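Have a look below at one chain only, the form predicted alone, in structure tokens format.
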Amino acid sequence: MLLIKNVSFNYNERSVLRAVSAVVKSGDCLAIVGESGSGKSTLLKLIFGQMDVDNGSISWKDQPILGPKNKLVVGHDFMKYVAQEFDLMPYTSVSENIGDHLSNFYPDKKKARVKELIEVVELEGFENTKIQFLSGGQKQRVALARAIARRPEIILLDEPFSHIDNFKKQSLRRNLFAYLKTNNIACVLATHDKDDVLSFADQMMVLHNGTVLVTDTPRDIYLNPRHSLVAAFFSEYSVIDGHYYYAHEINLIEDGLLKAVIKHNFYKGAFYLIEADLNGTVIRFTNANALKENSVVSLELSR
């Protein structure tokens, strides 16, 4: 397993991470979320050994992860890291990039393996296209396929779907996480996208200003956010009597104790997001139809 124990890191005397701990078992996925600058990417770099921890330790299967002070060549054979800057060979083809580190002793096996990976990242038809002619999203998919080509024991992903458009993102996400789980590959994922987390992560860590706000299953954190940062990550929310309610947990009824004045309607496709004034507090809830502005409605809380 990956063991992160009380890790702290400073940059130019500024504290970036403080006493961060986590455990990730083989085949499990830990999603790290937080605002920009919260320390997500820094933590991935420390796990990879790209930088040295100031305090604490990181190990994989009891093998210490060493940084530049103790290891001349950054990285480990059992681990792959897909950063937001893609490390690809621009003047070679998609197939050549993906198969770069695969053995040439068995060309048929190599060809079959590259074909399998191209299907995982949905790049059929681009096998012979040079990287320089690909879009940012296509390059990101090549980087993902390249990272899993030799079946690492653990993979680190920094915003792995950030360049990929919505037309491909959903199916690619399902393909990749299914592949990692089937092949028992541990995953640590830094992301801003709740869809990377809810359906695929086994654990979720929320970082805030370099410290761990909470670590738990995505389901438990979603159902009991306890912090505005956590609630905002998942959905629109309102604070009523000191409790957090997602927009879908506030319902329109015929007559009730909660009275609100409608201010705005926002069309969301399958529903409207309604903004209203509840005793001087702005709240937001969902409804099938738009509501007349400045009208008074009754609401109930479903949780």
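Remember, it's a predicted structure, so these values are computed and weren't measured experimentally. Heads up: residue numbers just count along the shown sequence, starting at 1.
One more form of this protein exists, namely the form predicted in complex with a small molecule; it is left out here, but the text below deals with it.
Chemist: Each of E96, H101 and R141 having a non-hydrogen atom within 4.5 Å of the small molecule in the predicted bound form: is that the case here?
Modeler: The answer is no: none of the three residues contacts the partner (heavy atom, 4.5 Å cut-off).
Chemist: Residues in which of 40 to 48, 236 to 244, 60 to 68, 267 to 275 have heavy atoms within 4.5 Å of the small molecule in the predicted bound form?
Modeler: Selected range: 40 to 48.
Chemist: Is R14 one of the residues lying within 4.5 Å of the small molecule in the predicted bound form, judged by heavy atom distances?
Modeler: Yes, R14 is a contact residue.
Chemist: Considering only heavy atoms, tell me if E35 and the small molecule come within 4.5 Å of each other in the predicted bound form.
Modeler: Taking the distances in the predicted bound form, the answer for E35 is yes, it comes within 4.5 Å of the small molecule.
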